[in-house]
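Only one chain is shown below, in structure tokens, and it's the form predicted on its own.
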């Protein structure tokens, strides 16, 4: 009896050591990678933002001069406003397209849904740079497929690249097309987790497909919708390769986004300190967006 009791009392420590070591190792690996590739560059960037560092040689601390100059820079505000405009346009378009496609794919009446998922997911497998090149071939003014078709039909070529509004519109469509695939997968998983009994009960009450979508599907997938909006907002505000490969923020600098402004300031003009200050302003904006969306999502869930 004494031996059995001692064996029982001795087993828990071995289990704890076995199941706590693996999580610690996995967490430690992530902590090291996070510190190496995020914390350390962020600390260096924060230090540079208070200096006149040009990328070469020594630097001097200039206090808050970079930030004060940044908030008086009209080019910075232009880039920030275009970034916000691009985000406001592409995020809702991406949300609607991905949700629509996800509903169609999971529908019981849909034929070939497996093939459709692969087809719609292909854009996500393509690099944003390649996506930009593809869409430039489509909407190039002198060589694009769209203008070729328009002219063959008797119309006039459209200034997709030299008109600033049309140029931004092309990038918005390309960005929504590219980002729809990932959002679609999230929505498919969320919609499949909605209990079918809800829809069966709604059908017995006479609710049609639209009413079921509004009253059952949308509330049930609200957490996923929040994640989709948050991720797309952050990605849109950090967009860079798609713009560069499609129209390079053109015509001219009319569609330069904030990340493009940071790159040009830091690497083309050699103002690393000034660009670091702009980078931290962008990071603060993204953190504010994330916090606001978290608060809104928490209030919606607590209703």
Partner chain sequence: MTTTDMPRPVDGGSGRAVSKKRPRGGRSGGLRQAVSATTLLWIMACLYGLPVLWFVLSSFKPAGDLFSLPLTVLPHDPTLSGYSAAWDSANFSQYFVNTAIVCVITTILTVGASCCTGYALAKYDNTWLKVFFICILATTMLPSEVMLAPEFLVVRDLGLYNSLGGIILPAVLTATGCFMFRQFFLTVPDELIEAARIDGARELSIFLRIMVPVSRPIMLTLAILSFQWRWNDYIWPLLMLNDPSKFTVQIGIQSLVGAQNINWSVLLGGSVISMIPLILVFLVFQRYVMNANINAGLKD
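Between two forms, the rigid core is defined as the largest C-alpha subset superposing within 1.5 Å. Positions refer to the first chain, counted from 1. Predicted model, so just to flag it, every value in this text is computed and none were measured.
Not pictured, yet referred to below: the form predicted in complex with the partner chain.
Across the options 137-145, 81-89, 68-76, 164-172, residues that bring heavy atoms within 4.5 Å of the partner chain in the predicted bound form belong to 137-145.
Every residue in the set 115, 123 and 259 has a non-hydrogen atom no more than 4.5 Å from the partner chain in the predicted bound form. In the predicted bound form, at least one heavy atom of residue 55 sits within 4.5 Å of the partner chain. In the predicted bound form, none of the heavy atoms of residue 270 sits within 4.5 Å of a heavy atom of the partner chain. Although the partner is absent here, residue 197 is not a contact residue: none of its heavy atoms lies within 4.5 angstroms of the partner chain in the predicted bound form. Put simply, residue 62 is far from the partner chain in the predicted bound form: not one heavy atom of it is within 4.5 Å. Proximity to the partner chain in the predicted bound form, defined as a heavy atom within 4.5 Å, singles out one entry of 186, 222, 150, 159, which is 186. Counting a residue when any of its non-hydrogen atoms is within 4.5 Å of the partner chain in the predicted bound form, the hits in 89-112 run 97, 100, 101, 103, 104, 105, 107, 109, 110, 111, 112. Taking the rigid core as fixed, one finds a CA shift for residue 214 smaller than 2 Å between the shown form and the other one. Residue 150 shows a C-alpha shift of 2 Å or greater between the shown form and the other one [criterion: core-superposed Cα displacement of 2 Å]. With the core superposed, residue 25 shows a C-alpha displacement of at least 2 Å between the shown form and the other one.
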